[in-house]
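Shown next as structure tokens: one chain only, the form predicted on its own.
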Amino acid sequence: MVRPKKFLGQHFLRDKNIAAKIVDALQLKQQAVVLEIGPGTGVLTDLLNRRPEVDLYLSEIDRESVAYLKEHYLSLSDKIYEGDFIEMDLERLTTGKIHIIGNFPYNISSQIFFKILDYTHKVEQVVCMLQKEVADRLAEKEGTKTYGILSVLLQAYYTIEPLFKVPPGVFHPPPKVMSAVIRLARNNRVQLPCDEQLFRRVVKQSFQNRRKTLRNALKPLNLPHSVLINPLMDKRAEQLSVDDFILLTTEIEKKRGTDHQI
């Protein structure tokens, strides 16, 4: 038996019907490399391993789970990354694209998504279960209080589709919150038409002071007057769409020469 560990945020899914729905949500048109994050006791692994088009790899930090997986899935024993997914080098996994699936630990789900943002050129699709509140936030559009940093950054690269809700009772131990499954599919932006690191910085700084207008929220960037008079600067971060943030970043980038502190 593998014991769920609170410090790892482990809640093992027990319902095989829900497991099947999660695996079926992974849309693959041909043979593909799939990385499962946090397989635990293998409830998704078992189903993924049966799909002929899936070249499956696992990332698991729990030694007890790794031992269990190696014993029960001998064909995958050399394809298990024992360690923290946040530290994993996805470039070494394969030269091609990667599809990610998993029941993400609630306590590090945001860190997982920031990691994925470092590999948008490589991660083609993500199907995951996480806390419903977080799932709703990722798919949220501008104009709402729950729209935030990850909403903008992920939607810049991915189409996010909420799929279905999952009640606490299907887990061991049951979490204290509702869960939800979402799918992120890479959109048509090969890369942003602006400096991507500057884009991230503008988005993060804007939401760190989300009650202020952007003119005040972005003061630490020491923006030139020609940027400050942009009508977008009269708005708050939650009022800007992804395209608005891209346009604003593009304008800031054009003015970078006037102030090298940006």
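What you are looking at is a predicted structure, and each value in this text was computed from that prediction instead of being measured. When you see a residue number, it is the position in the sequence shown, counting from 1.
We do not show the form predicted in complex with a small molecule, though everything after this point is about it.
Residue heavy atoms within 4.5 Å of the small molecule in the predicted bound form occur in exactly one stretch of 185-193, 99-107, 115-123, 161-169, and that stretch is 99-107. At least one heavy atom of I61 is located within 4.5 Å of the small molecule in the predicted bound form. Under a 4.5 angstroms non-hydrogen atom cutoff, the small molecule in the predicted bound form has F85 among its neighbouring residues.
In the predicted bound form, Q10 approaches the small molecule with a heavy atom inside 4.5 Å. Put simply, V43 is close to the small molecule in the predicted bound form: some heavy atom of it is within 4.5 Å.
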